[in-house]
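Okay, so here's just one chain, in structure tokens, the form predicted alone.
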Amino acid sequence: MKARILFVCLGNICRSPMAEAVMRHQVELVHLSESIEVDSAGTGDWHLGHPPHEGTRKQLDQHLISYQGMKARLVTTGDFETFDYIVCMDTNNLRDVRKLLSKAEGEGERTRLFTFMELLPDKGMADVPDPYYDGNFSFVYELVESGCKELLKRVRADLKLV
């Protein structure tokens, strides 16, 4: 059995590609790349085809995490059939993904849809802040790293790979 994870943010250049790269890295470290697939997408089309934001790339470079080949794309109704976990970086993304899901008749019945910060309830935050607007990529990296560790535990337990 294989688990497929999709991270979703607004433009797919800051938060969700950071989470994709960090999660892939964590999956590789525990040798589960054959069992866990990771991707990211956005709800807005402003940056389609662009690589991750410079601030995201800088954080990933500092932690020796690859983002090679990553390009922004839109979330689609087909993603509800493909992915087992769709993790939205904030509540607005969750709302937009739910709206898209409502148009995807009969799809997404097996998909677990939730916000990233549900993985970190002790932080007392509903949303991962968007560093595109505030520039705080290092804080977002800290949240992403912690949240991905929690998600990996959850996925391993679901796949009975603990």
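Start at 1 with the first residue shown and count on from there. All of these numbers come straight from a predicted model, not from anything done at the bench.
What comes next is about the form predicted in complex with ligand 4NP, which does not appear here.
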{"property": "Option from 128-136, 23-31, 59-67, 111-119 whose residues, in the predicted bound form, bring a heavy atom within 4.5 Å of ligand 4NP", "result": "128-136"}
{"property": "Residue contact check: C14 to ligand 4NP in the predicted bound form, 4.5 Å heavy atom", "result": "yes"}
{"property": "Distance check, H50 to ligand 4NP in the predicted bound form, heavy atom within 4.5 Å", "result": "no"}
{"property": "Contact label in the predicted bound form: L10 to ligand 4NP, heavy atom within 4.5 Å", "result": "yes"}
